[in-house]
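Shown below, as structure tokens, is a lone chain in the form predicted on its own; questions about how it binds or moves come after it.
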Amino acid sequence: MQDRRHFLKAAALSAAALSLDGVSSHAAPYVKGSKAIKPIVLSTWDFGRAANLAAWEVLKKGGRALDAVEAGVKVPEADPNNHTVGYSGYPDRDGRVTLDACIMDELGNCGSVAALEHITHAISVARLVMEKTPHIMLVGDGALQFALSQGFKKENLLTPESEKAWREWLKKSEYKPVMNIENSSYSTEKETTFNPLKLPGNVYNHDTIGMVAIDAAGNLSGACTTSGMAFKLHGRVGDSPIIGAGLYVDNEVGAATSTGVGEEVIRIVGSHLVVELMRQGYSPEKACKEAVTRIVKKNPERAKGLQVGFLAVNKKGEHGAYCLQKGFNYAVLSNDSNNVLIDGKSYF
């Protein structure tokens, strides 16, 4: 009886601490067995719509979410007009295109690559790291050697257009990112295609595609891939290949991914935070908002000049997003959502 009283007292104290930590004491936890919207796929930015279509081809046939997210993000990885992901991504300040990517399945298996050169589909290399090695992350030359051993072909990822942008940047060698350039409606000249050479002062941006999905069986997976910050220091790695920062999947709760300045996401282990908040009862949008708020609290002045966005889906297929600045959006495709583009709410 004494042990039971101690147990009840400890449980009450834990509940009180949870409430004081910013989690509503009346927040309802996710109930297993609730009817879910499935299948469904979500991805960051308007270029995520084309990625969603490729993922949907897998999902609509009853395929696994893991296969869907890999197929989906491979679309922007191979798009020569997308300078923030994969082939034709903007290089680092040494003129070298380096890619970061990670993938995670419903069982908690995960794989990633960082600072990978000469291979367009970094996401597929990340999946093989997950499936064929005892490791989670391979980087740099080691990641390249592994890719080549698995049959990938070495190629030049620096296209003439990206090289031209890099050589223009070298004239001043300044890094001044432009927020939301991935969203064409927010571009400086309202063009549908980003042309960095026409922006004032030849400034550039970077970004990521993050994708999360639920398949017909109700299982979740996610993928994240990017060429990182344009003209970064060689060897810089952002949040995209880091499990828990750029992507996290928990098959009992939901999944989350991020986009924007990866350093800020890493500081709060953002995607893991979002999933854990959903576990405690937060809606996807409120979980994303809390993660963004923590970034602001750490350094309000720095946050005013940056963009970070989080995207999340829970086990029921409910989804939401939140960002620092206006302009972030995400695409949703399911039997009920026809690949619509949704604007995320913002802190500022």
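Remember, it's a predicted structure, so these values are computed and weren't measured experimentally. The first residue of the shown sequence is 1; numbering continues from there.
As for the form predicted together with a small molecule, it is not shown, yet the points below apply to it.
The small molecule in the model of the complex is approached by residue 238, whose closest heavy atom lies within 4.5 angstroms of it. Using a 4.5 angstroms limit between non-hydrogen atoms, residue 89 is distant from the small molecule in the model of the complex. At the 4.5 Å threshold, heavy atoms of residue 261 reach the small molecule in the model of the complex. For the chain shown alone, residue 226 is a contact residue for the small molecule in the model of the complex, at least one non-hydrogen atom being within 4.5 angstroms.
Of the residues 221, 112, 208, 271, just one reaches the small molecule in the model of the complex with a heavy atom at 4.5 Å or closer; this is 208. Comparing 138 to 146, 229 to 237, 117 to 125, 75 to 83 against the small molecule in the model of the complex, the single stretch with non-hydrogen atoms within 4.5 angstroms of it is 229 to 237.
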